[in-house]
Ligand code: SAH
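Okay, here we've got a single chain as structure tokens, the form predicted alone, with questions on binding and movement later.
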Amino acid sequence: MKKVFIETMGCQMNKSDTERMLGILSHFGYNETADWKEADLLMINTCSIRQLSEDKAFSMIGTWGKKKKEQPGLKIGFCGCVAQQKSKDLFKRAPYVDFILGTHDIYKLPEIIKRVESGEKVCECSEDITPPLPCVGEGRGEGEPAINRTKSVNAWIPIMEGCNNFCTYCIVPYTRGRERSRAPEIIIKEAQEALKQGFKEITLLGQNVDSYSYGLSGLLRSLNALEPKFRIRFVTSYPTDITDELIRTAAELDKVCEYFHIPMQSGSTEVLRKMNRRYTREQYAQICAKIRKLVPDVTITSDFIAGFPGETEEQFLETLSAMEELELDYSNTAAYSPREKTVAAKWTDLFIPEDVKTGRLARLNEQVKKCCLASNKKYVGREMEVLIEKFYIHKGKNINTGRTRNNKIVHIRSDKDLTGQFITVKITNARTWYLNAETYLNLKL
């Protein structure tokens, strides 16, 4: 058997794509290895959302290129969003790469592998930004990749892909294409397969998951009816696509977790307008208020950009105040990074100096810490259900780590590996990024 190593960067959609690529490669005699140095095939599944991610990708394949001089038979594949964006130019920058695979062409991997193994260099990056989304399930037809899921408690299931919003800072519509959705019966079948394999949580994926064209509420109800006990999550939500029906559905269904990830990006209405986001600060606040009213103990997380072109100090302070006023439980943050083809990348005269961006990002992260700790403290003394995700030893102590329904990380000391179990615990202490629990309740050992 040959060995393949895939480095996955970026979002959950990339992780799902990697699982599909591994599934395809398993039919060609490739087993996954965790050590890239022992692989016969090296692949990197790239992310282009930030310049830093792109730079890391090129740094990594540069290291692989040096390895190829020592091991001429080594094959290297460059995949994902950067591949889709840069296409054939990659061969000039990295001549040691054997094949380039864009985001729309995973189903072509079998043909690519055959051509590469015969000594050919291959580039497959379809320019059609609205390709059909491959269906996955038993009885797979031609062009439907198999799945080799990462062993864990959570199964990632894409329900739609692409984006129609064209935010001025974002490259996703150019790398992932326009929105298109998978048929609900295919998704349900894939979920059933994952549950049979022992997964305890299903996460529905989409760049704008709640704009799923067949109706996200209906899909959630169909999945909620499946057995046995498991959890359902969905990410990522675009604020104005969250309907009252979706909020009610999330509140009513017992398997749907109390968790919404809703990127705000800025607390300033004027900056949001320049970003081409279709809501104001006030509208975002109203959406959060609706959710908190109907969904008890809900966790709402967000994304924010520091130093967007033209952002003033006063507008940045609006972002800090929004995080606190809206009681956001956690936020992903990043300094603005100009992306090729996007509108904002042309506003060079409005670019914020790097030191200012770096300073604002640091302040943004401090606010995240403050909000996260305040959120976690609310649960001290509470009894909560935790799904254990892993068991490990830390400083000589045995630890089980899992998540509550509302996505809080919990560490529990125990000599027994409880991975995959739902347990009820009492929260004893709150840290910035996690909760501690000491007492087991109703635990069947």
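All residue numbers refer to positions in the sequence shown, first residue = 1. These numbers were taken from a predicted model, which means no experiment stands behind them.
Beyond what is shown, the protein has a form predicted together with the named molecule; the following relates to that form.
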| query | finding |
| --- | --- |
| Proximity to the named molecule in the predicted complex (heavy atom, within 4.5 Å), stretch among 111-119, 219-227, 288-296, 258-266 | 258-266 |
| 4.5 angstroms heavy atom contact with the named molecule in the predicted complex for His104 | no |
| Distance check, Glu245 to the named molecule in the predicted complex, heavy atom within 4.5 Å | no |
| 4.5 Å heavy atom contact, Tyr336 to the named molecule in the predicted complex | yes |
| Ile187: touches the named molecule in the predicted complex, heavy atom cutoff 4.5 angstroms | no |
| Residue among Ile49, Leu41, Leu418, Met384 with a heavy atom within 4.5 Å of the named molecule in the predicted complex | Ile49 |
| Position in contact with the named molecule when the complex is considered in the predicted complex, options Phe199, Tyr238, Phe351, Phe91, heavy atoms within 4.5 Å | Tyr238 |
| In the predicted complex: members of 199-218 within 4.5 Å of the named molecule, any heavy atom | Gln207, Asn208 |
